[in-house]
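As a starting point, one isolated chain is supplied in structure tokens, in the form predicted on its own.
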């Protein structure tokens, strides 16, 4: 039994200053229209939650079901930090596979504060996210810079390489109507933008945005019975957590685990996210035609290319320089424009990646199409051991 994506929809990303529900309803209606599915056919609504938009029992699944008009659907709410959207998709997929649902609507939407994301107010001494701000003053860009410096020291990456990632993604995003930033950049412009956290400049780091994304998932049988055109199959969803010992520091942790007794693990946490998806789908990285990865910073995109085994460790810069990760290259990465062009809208971004791959595999990504794409993979990582990878195929 397969689960298919019958439709995908988004609300344009930006800083609109309105309630997140408005964005989510817009994306949901776009996805339903794209699928040709009536709202009354939806029997499950799964909403992506963010701690900024209220407590989980009220916000997300119930909020969107109410806003769209009560239709008797069952509801669920998912929270997995930046991997929230993929977890929501997995929840919907599981109920369809179990035969408990036929048509599920998955929605994520966010209204973000100005500036970089920070923990909620209050004293939380067991919260590593709160502690890293309180004890170290360690903002997200500071972590991104440490990852970037590590690439420079280990693999010879340069600031120009990081800037070239921005140049590539900015060019990809020009033709994406949902992208917030639709303007070409040059390496010189990136390097001339203000230094935020050495070696990363302002244009190396993604913004925070308001936005929404939604997908309609159905059973393959429902898709056949209703003649849904060009459905995309969900081949795998990985939401694995880290395995002890975690020997590469991940935000927001302050230290790594000791491997003195256990030895170094076979894979890092981020490597394990993609590998679990490959194992479930029964394919390998050599089968992937297009990837949407979590480019919180330009340097992090290079890390993800290797974590997904799209090249060997330390070779991502060579792929970038050869043009292999741009549209028309061997393995295009972030044809949507990535977070460089969208910014972060936490509950929506993993769903937005799936929207983009759906359109790519259906040949509908006008102006940014990866020709002949049959298999796509996403990668995403959130705080507190959350991570996700989704593989779609046609």
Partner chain sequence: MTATPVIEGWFTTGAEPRLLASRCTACSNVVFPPVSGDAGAAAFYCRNPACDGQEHDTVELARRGRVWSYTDAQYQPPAPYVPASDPFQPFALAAVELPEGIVVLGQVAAGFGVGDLRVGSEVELVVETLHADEAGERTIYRWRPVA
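These numbers come from a predicted model, not from an experiment. Numbering follows the first chain given and starts at 1.
One more form of this protein, predicted in complex with its partner chain, exists but is not displayed; see below.
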Discussion item. Exactly one residue in 269, 222, 147, 181 has a non-hydrogen atom within 4.5 Å of its partner chain in the predicted complex; which is it?
Written reply: 147
Worksheet item: From the list 228, 207, 276, 253, which entry has a heavy atom within 4.5 Å of its partner chain in the predicted complex?
Response: 253
Discussion item. Counting only non-hydrogen atoms and a 4.5 Å threshold, tell me whether 39, 67 and 328 all contact its partner chain in the predicted complex.
Written reply: no
Item to complete: Although its partner chain is absent from this view, report whether residue 102 comes within 4.5 Å of it in the predicted complex, heavy atoms only.
Response: no
Discussion item. Would you classify residue 260 as touching its partner chain in the predicted complex, given a 4.5 Å non-hydrogen atom cut-off?
Written reply: yes
Item to complete: Although its partner chain is absent from this view, report whether residue 131 comes within 4.5 Å of it in the predicted complex, heavy atoms only.
Response: yes
Practice prompt. May I ask you to state whether residue 285 is within 4.5 Å of its partner chain in the predicted complex, using heavy atom distances?
Written response: no
Item to complete: From the candidate stretches 276-284, 314-322, 161-169, 123-131, select the single one in contact with its partner chain in the predicted complex, where contact means a heavy atom within 4.5 Å.
Response: 123-131
Item to complete: Enumerate the residues of 134-158 that have a non-hydrogen atom within 4.5 Å of its partner chain in the predicted complex, in sequence order, or give none.
Response: 134, 135, 136, 137, 138, 139, 142, 143, 145, 146, 147, 149, 150, 153, 154
